[in-house]
Each structure stands twice: as C-alpha cells, then as structure tokens.
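The form predicted on its own is given below as one chain in structure tokens.
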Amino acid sequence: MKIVALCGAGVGTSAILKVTAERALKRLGIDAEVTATDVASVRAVASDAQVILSSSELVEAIGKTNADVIVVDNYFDLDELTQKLEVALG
C-alpha cells in the first residue's frame, strides 16, 4: 500500500505528516509505504497511491485521482490521523 503526504514544498510539513502517518499506521497494524512530496510532483508520485494526505488548501492541486484524499487539520495530532486512516482503509 502506498500513502502520499503532500505539502506545498515537499519538505517540512509533508515530512511531519509522513512521520505522524507512519505512527498512526503502526498503531493500526497496517503496513504501508509513506512518501512525502510537493504540489508540483503529486500527480507523478501519487499515480499509484491508495491514499493522499493533504491540507484543505492543497486538495484542488491534487487533481483527478483514484486515491482517497484525506484532509488533515492538525499534522501533529496522532489521534486525528489514526481515526481518518482507519475509516479510509478499514
């Protein structure tokens, strides 16, 4: 399974989201590859992703996708992300 964490530049915020997602997936007992990327690269990187994690501001930039797009309000909130991933993947 592939999950993509998206932010504007693909460095800081997406790296934080990637780490939080990995912790949430571990909590759920789900094995997945989590990749951090930027808006410019999201279509290529997420072409085979099952889930894209994003802020509400960047959802439009994702464009057409077969992946589930999860809007994350607080990138540090492990409980929020665990719950949203459980719903999307459960």
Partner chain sequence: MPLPPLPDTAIAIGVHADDWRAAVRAAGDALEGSGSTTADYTGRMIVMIEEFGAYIVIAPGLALAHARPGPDVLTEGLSVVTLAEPVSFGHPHNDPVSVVIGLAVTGADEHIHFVAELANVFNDASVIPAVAAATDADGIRSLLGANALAERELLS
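Positions refer to the first chain, counted from 1. No experiment lies behind these values; they were computed from the predicted model shown.
Below, we refer to the form predicted together with the partner chain, which is not included among the displayed structures.
At a distance threshold of 4.5 angstroms between non-hydrogen atoms, residue 66 is out of contact with the partner chain in the predicted bound form. Although the partner is absent from this view, residue 33 stays clear of the partner chain in the predicted bound form, with no non-hydrogen atom inside 4.5 angstroms. Using a 4.5 angstroms limit between non-hydrogen atoms, residue 82 is distant from the partner chain in the predicted bound form. Though the partner is left out of this view, residue 58 does reach within 4.5 Å of the partner chain in the predicted bound form, counting heavy atoms only. For the three residues 23, 73 and 78, a heavy atom within 4.5 Å of the partner chain turns up in the predicted bound form in every case.
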